[in-house]
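Just one chain follows, in the form predicted on its own, and it is written as structure tokens.
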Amino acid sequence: MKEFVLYTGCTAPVRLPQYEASVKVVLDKLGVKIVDMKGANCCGAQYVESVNRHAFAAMSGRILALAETYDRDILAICGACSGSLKWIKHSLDNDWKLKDEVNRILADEGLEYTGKIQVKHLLQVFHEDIGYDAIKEAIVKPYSAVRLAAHYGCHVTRPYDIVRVDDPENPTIIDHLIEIAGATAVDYTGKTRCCGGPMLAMDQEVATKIGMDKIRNIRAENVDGIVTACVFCDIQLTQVQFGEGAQDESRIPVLTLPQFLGPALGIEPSRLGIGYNKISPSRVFASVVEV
């Protein structure tokens, strides 16, 4: 059985607990053991990253060193966190001065970064460690006649030289999993564009416009739901649909990837945190069929 130490990041436990819950139950169903990382800190993504590189390196470096005490690779479910940890790992592995500086800071806690563990985003675990064939074999209640749009997010796939998750210009992992589970993966204009989430702290109006542009492009393809694998993207694509003039009947449910896979694997929706979703995915789940 493959084992990982789970780094949830700051946002998922507070604003998207259904993501963490569904990750654990779905991976357990697929034979992957998850251990919670205790005492972890913020990775410093985006905000600290943009202000002080050394502070950013120390924050993400501490998480990497902490994971080494578990002797397991890191599973990161947040796209920004995954990107940050992969970037700092690359930096520490290729800049001995930075590594020494970070390790001097970590020594106060008895921690040391050596580089012996890897960082994987959830999409990599599904694709590389479990594999499409094993997931297909585990499907017991496939979807039927439901159209879904995949949204990958910016930090999950970029920069490819560092993160190495999926093709940033033509990502396919979520689409493949949608199809494996019996649903139809739908392409749409601007599929790889940003959802606007990273702009929220600077210009909410611009962030909302970017997010709504994506929602309109998805809606134009007559889809039943959106499947994501990024915390910020899920939150952003949901909340922009509650703006002025938005109508209940026009809102598109946003599901995390494990929430989508769960029912097809025979997992009850209540175990996937569906009750926390602001837009009910009932029309998506209604298409699940017995085999």
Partner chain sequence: MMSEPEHGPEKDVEYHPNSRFSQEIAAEPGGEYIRKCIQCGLCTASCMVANYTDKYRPRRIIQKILLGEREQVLASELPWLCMTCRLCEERCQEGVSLAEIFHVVRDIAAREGRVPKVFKDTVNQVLKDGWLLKDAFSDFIQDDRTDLGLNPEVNFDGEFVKKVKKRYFEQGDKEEVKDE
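Computed from a predicted model, the values in this text were never measured in an experiment. Residue numbers count along the first chain shown, from 1.
Quick note: we don't show the form predicted together with its partner chain, though the next part is all about it.
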| property | result |
| --- | --- |
| Its partner chain in the model of the complex: contacted by all of L85, H90 and V254, heavy atom 4.5 Å | no |
| One residue of R147, R158, H176, K141 in contact with its partner chain, assessed in the model of the complex (non-hydrogen atom, 4.5 angstroms) | R158 |
| Contacting member of C154, A183, V125, I218, with respect to its partner chain in the model of the complex [4.5 Å, heavy atom] | C154 |
| Heavy atom of K29 within 4.5 Å of its partner chain in the model of the complex | no |
| Contact test in the model of the complex: V35 vs its partner chain, heavy atoms, 4.5 Å | no |
| Q46: touches its partner chain in the model of the complex, heavy atom cutoff 4.5 angstroms | yes |
| Partner proximity in the model of the complex: G273 to its partner chain, non-hydrogen atom cutoff 4.5 Å | yes |
| Interface stretch in the model of the complex with its partner chain - options 127-135, 113-121, 71-79, 100-108, non-hydrogen atom within 4.5 Å | 100-108 |
| Within 189-212, the residues that have a heavy atom no more than 4.5 Å from its partner chain in the model of the complex | T192, R193, C194, G196, P198, M199, A201, M202, D203, V206, K209, I210 |
